[in-house]
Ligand SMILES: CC(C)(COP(=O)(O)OP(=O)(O)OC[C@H]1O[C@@H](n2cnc3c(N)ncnc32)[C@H](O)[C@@H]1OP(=O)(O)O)[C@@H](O)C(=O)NCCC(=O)NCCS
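Below, in C-alpha cells: the form predicted alone, a single chain.
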C-alpha cells in the first residue's frame, strides 16, 4: 500500500468511503465540489491510501497556510475500519503536519459517540482538550457532541516520531 496526494480522479472513491453506511453518525459529508476544492486549496492536503487500484482510505488536513502553527486533521476515513488503514493514514498525517517547521500542534474534532476513533487518537498521543456539547451536526441535521483533541509537536517527537 502507498500513500499519495489525492487527484481529481480519486474524488468519486473518496466520496464512496465518506458515505459508507454508518459513517453519517460520526461526521458530515463534503459535496463533490468541496472535495475538488480541497485538492487545489493551498491550505489543504488530501491524502489517499491505495492498495493496487483500490483507495482504502483518505485524510484531509487543513491549516498549512492559515493555521498559525496548528494544523487540523479535518477528516480521516478508511474503507474497512479496524483493518489498519486508518492507522497508516494517521501516522502519515502526523508526519506531514509536523514536517512543517512552524507546526506546534495537530488537532481534530471527533464525535463523542465515536469511541473507536477516540481510542485510536488517544493511543496516538492526542489529548482531550475540551468537549463541545452540540458542537456539530450529523448529515441529518441532528446535533452531535464533539470532543476536541490535540497533539503537540513535543509529544509526537518524544513518543511517536
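Numbering follows the first chain given and starts at 1. On a predicted model such as this, the values are computed, not experimentally measured, just so you know.
Although it is not shown, the form predicted together with the named molecule is what the next lines describe.
*Asks:* State yes or no: in the predicted bound form, is some non-hydrogen atom of residue 120 no more than 4.5 angstroms from a non-hydrogen atom of the named molecule?
*Replies:* Yes, contact at 4.5 Å.
*Asks:* Any of the heavy atoms of residue 115 lying within 4.5 Å of the named molecule in the predicted bound form?
*Replies:* Contact check for residue 115: yes, within 4.5 Å of the named molecule in the predicted bound form.
*Asks:* Within a 4.5 Å heavy atom cut-off, is residue 110 in contact with the named molecule in the predicted bound form?
*Replies:* Output for residue 110 is yes: heavy atoms within 4.5 Å of the named molecule.
*Asks:* Run the contact test on 64, 69 and 152 with a 4.5 Å heavy atom cut-off to the named molecule in the predicted bound form and return yes or no.
*Replies:* Negative, none of the three is within 4.5 Å.
*Asks:* For the stretch 55 to 93, which residues lie within 4.5 Å of the named molecule in the predicted bound form by non-hydrogen atom distance?
*Replies:* Heavy-atom contacts to the named molecule in the predicted bound form: 76, 77, 78, 81, 82, 83, 84, 85, 86, 87.
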